[in-house]
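Just one chain follows, in the form predicted on its own, and it is written as structure tokens.
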């Protein structure tokens, strides 16, 4: 099998994972004009992939535009939706950013903070590959679910 064929099979497995499916669902949900309707799922997720070459093209200092901020919110909304589907409790994401691209992302379940991330250089938000994005999302999800399991009373408030 060629390397391209192997990569296509790997990406197909990734595209069917719960996290990637939820990311596509969240991206399509923020599309009020139907621009993503004719795009494949991989094309919808393409803006999240920032290779080293693409990252070099983005200035080190810059202000994020609304599209980049929406992508950050989609990422954390997808994690929140998966938390809800796994444990049945409502997970609420909160992304607070300054106009310069610094801020914080929180996900709460009841009174429990299951994720707290400091965000910097949001104008350069992205992942080296689709698998790295999925791994990051799955890592946050597993830590959040572990916290909920350890503190069910606080999460249920």
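The model shown is predicted, which means the values in this text are computed figures rather than measured ones. Residue numbers count along the first chain shown, from 1.
Another form exists, predicted in complex with a further copy of the same chain; not displayed. Remarks below refer to it.
A.B. asks: Looking in the model of the complex, any heavy atom of residue 131 within 4.5 Å of a further copy of the same chain?
C.D. replies: Contact with a further copy of the same chain, no.
A.B. asks: Heavy atom to heavy atom, is residue 35 within 4.5 Å of a further copy of the same chain in the model of the complex?
C.D. replies: Because no heavy atom of residue 35 falls inside 4.5 Å of a further copy of the same chain in the model of the complex, the answer is no.
A.B. asks: Test of understanding: in the model of the complex, would residue 70 fall inside 4.5 Å of a further copy of the same chain by heavy atoms?
C.D. replies: Taking the distances in the model of the complex, the answer for residue 70 is no, it never comes within 4.5 Å of a further copy of the same chain.
A.B. asks: With a cut-off of 4.5 Å between heavy atoms, is residue 145 one of the residues that contacts a further copy of the same chain in the model of the complex?
C.D. replies: No - in the model of the complex, heavy atoms of residue 145 and a further copy of the same chain never come within 4.5 Å of each other.
A.B. asks: Give me the residue from 119, 42, 49, 106 that has a heavy atom within 4.5 Å of a further copy of the same chain in the model of the complex.
C.D. replies: If I apply the 4.5 Å criterion carefully, the residue I get is 106.
A.B. asks: Spot the stretch among 123-131, 25-33, 108-116, 51-59 with residues whose non-hydrogen atoms come within 4.5 Å of a further copy of the same chain in the model of the complex.
C.D. replies: Among the listed stretches, the partner-contacting one is 108-116.
A.B. asks: Is any part of 51-83 within 4.5 angstroms of a further copy of the same chain in the model of the complex by a non-hydrogen atom, and which residues would that be?
C.D. replies: Result: empty, none.
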